[in-house]
Ligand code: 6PG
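One chain comes next, on its own, written as structure tokens: the form predicted on its own.
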Amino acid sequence: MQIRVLSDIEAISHEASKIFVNLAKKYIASSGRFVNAISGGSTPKRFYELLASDNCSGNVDWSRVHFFWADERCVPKESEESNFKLAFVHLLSKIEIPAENIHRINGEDVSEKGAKDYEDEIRRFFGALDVPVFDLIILGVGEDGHTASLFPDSTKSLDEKTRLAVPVYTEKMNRITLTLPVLNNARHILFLVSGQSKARVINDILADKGKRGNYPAGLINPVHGDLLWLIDEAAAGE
């Protein structure tokens, strides 16, 4: 695990876009494709904008890049709450990428059906692997320590060992998320964390080993890949 503290969300986004471009070149050269899973929330917005800019976009063969999602809210894809819409508006609609390379979660489906359909899509794409190996998964952290849609009190989701995607039912909004075995099987995991409101939980996860396991984000521990935290100074304040 590596931790880099940068000045602000702009610096984090620039660093993340460089990492994305370099990994895309590496895996396209070695395997002919680059398969990543992205997240929602406000933090990755600037990162998406930079990837779509001429400086980055011209350096990526988008025809060989595949986008999946780490999680999705159970809303229509046009909703402002949709993780897909965030990525589509700020990135996917601005690059030349084949429609078949975009593997979204059908959030408008009933949670269980949407989770099953997404797992089926992942298995079709990756083939016979018991657990798929994403080249890169990009994650964030909530103030409660959740990541993707794995929440501290969602014991059933956190304990899942065989399924690739599961529904998560909450009072506010139902969701669909990749499970820990999938997240931890990635070649590269990149956390983007910004804001003073995250300082306490970031301190617990990264500085206090005794508390790390209390948070889903603290359970991200790649089996054979690497883990990089990009944190701004506000989030690293404690």
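Everything numeric in this text was worked out from a predicted model, so none of it was measured. Residue positions are given as counts along the sequence shown, with the first one as 1.
There is another form of the same protein, the form predicted in complex with this ligand; it is not shown, and what comes next is about it.
Here is the short version: of N55, S31, S42, S63, the single residue with a heavy atom within 4.5 Å of this ligand in the model of the complex is S42. This ligand is not drawn, but in the model of the complex it has no heavy atom within 4.5 Å of K85.
Within this chain, V141 lines the site of this ligand in the model of the complex, having a heavy atom no more than 4.5 Å away. In the model of the complex, this ligand sits within 4.5 Å of a heavy atom of A148. Using a 4.5 angstroms threshold between heavy atoms, R73 counts as touching this ligand in the model of the complex. Residue heavy atoms within 4.5 Å of this ligand in the model of the complex occur in exactly one stretch of 133-141, 108-116, 90-98, 156-164, and that stretch is 133-141. Within 4.5 angstroms of this ligand in the model of the complex, the stretch 184-211 places a non-hydrogen atom from K198 alone.
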